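There is one chain below, alone, in C-alpha cells, taken in the form predicted alone.
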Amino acid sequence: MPDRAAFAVRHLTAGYADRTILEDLDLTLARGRLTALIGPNGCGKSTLLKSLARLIRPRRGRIELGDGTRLERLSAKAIARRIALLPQSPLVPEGIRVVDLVAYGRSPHLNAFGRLSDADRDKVQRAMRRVAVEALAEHPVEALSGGQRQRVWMAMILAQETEIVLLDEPTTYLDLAHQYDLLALVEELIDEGRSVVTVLHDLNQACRFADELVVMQAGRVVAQEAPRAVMSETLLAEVFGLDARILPDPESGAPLIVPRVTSRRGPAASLSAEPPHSTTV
C-alpha cells in the first residue's frame, strides 16, 4: 500500500440484501487530501462511503486503512476514533439540544464512566464555534432549519476529531454562502492533516475544491485523477449524459462546466451571461 494512502479498497463487492451495487472494486484513496466522489445517481457513491465507514460489510474483498489495518478487525469504537461519517439524512434524536448532539462526537473518546471532561466540553464549544452554531447551543435540534441542522451535524463531526472524515452530500440544505463556508472549512481540515472523502453532486464545486476526483458509473470507477486531468466534455457526455462546455474558472482556474442548454430565451442569451458556478448533476 502507498505510504500516503488513507484507504486501500481491494476487490470490494458490496450492496444491500440481494442487490449488488459495487463489484470487484479496486481503489486507493490518498491521505491528507480532499477526494470527491462524483457520478450519476445510483452509481454507488454512497454505498462506497458507507463501506469505508463499515456501515456496510463487504460480501467479498477488503478495506484497509493507511497503516494496513483491516476495517473488519477493528471494533466499532476503534473505528469511530479514526473515521467520522456524516450521512445524507441523519436522524435527530427527539428533544435533543444542539450542544448535546455535538457532544455525541466525543463519545468514542470518553472514559469508562462515559462522562465529558472539561477538555471534552471545550472541544464541543470549539466545534460549534467553527461552524457558527454556538449561539444555538440550547436550542432543540428539531426546531432548527435544514441548513442549521446540517451545520450542527458538521460540528459533531469536528468534535469527534478523527484523522479521516467522510461526508455524504454535506452541502445539502445549505444556502450558497454556507455551502462555500463549509467547503472552505473542509480545506482547513486538509491543512490540519486530515483526510476527507466526500460525495458532491455540484461538479463545479467538486472541481474547484477537490484535490482528486473519483468518477463512478454503475458501481465501478471510470476515472481517478486531479480535476483538470479528469474533467472533459467527453466524460460529461458518457458518464452524466450532459452536453456542456468546459471553461477555466475565472477565480481558481479549475474546470468550469457550462451546460449547453437551450432555454426559451435562446442559446445566445444563456451564453452571454456570466458562466454559472453551480452545476449539479
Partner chain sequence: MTRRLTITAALGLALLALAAWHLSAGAVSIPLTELWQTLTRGHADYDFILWNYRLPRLLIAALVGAALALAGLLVQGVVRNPLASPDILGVSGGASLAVVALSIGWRQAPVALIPPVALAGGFASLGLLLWLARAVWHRPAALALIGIALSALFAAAIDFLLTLYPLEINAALLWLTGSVWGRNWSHLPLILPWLLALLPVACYLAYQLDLLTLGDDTATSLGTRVDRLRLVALLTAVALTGAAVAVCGAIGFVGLVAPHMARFLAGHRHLPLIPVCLLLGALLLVAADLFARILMPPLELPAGIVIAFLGAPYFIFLITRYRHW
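Remember, predicted model here, so these are calculated numbers, not experimental data. Positions refer to the first chain, counted from 1.
A second form of this protein, the form predicted in complex with its partner chain, is not displayed here; the remarks below concern that form.
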Select from the listed residues E142, D122, E192, E72 the one whose heavy atoms reach within 4.5 Å of its partner chain in the predicted complex. E142
Considering non-hydrogen atoms and a 4.5 Å limit, which listed residue (L174, V199, I83, A210) is close to its partner chain in the predicted complex? I83
Region of this chain that lies against its partner chain in the predicted complex, out of 130 to 138, 101 to 109, 144 to 152, 180 to 188 [heavy atom, 4.5 Å]: 101 to 109
For the spot marked by G219, A237 and G241, is every residue within 4.5 Å of its partner chain in the predicted complex through some heavy atom? no
Taking heavy atoms only, is L158 within 4.5 angstroms of its partner chain in the predicted complex? no
Is R228 a contact residue for its partner chain in the predicted complex, using a 4.5 Å heavy atom cut-off? no
Would R126 sit within 4.5 Å of its partner chain in the predicted complex, counting heavy atoms only? no
According to a 4.5 angstroms non-hydrogen atom cut-off, is K50 in contact with its partner chain in the predicted complex? yes
Output the sequence-ordered list of residues from 84 to 100 with at least one heavy atom within 4.5 Å of its partner chain in the predicted complex. L85, P87, P90, L91, P93, E94, G95, D100
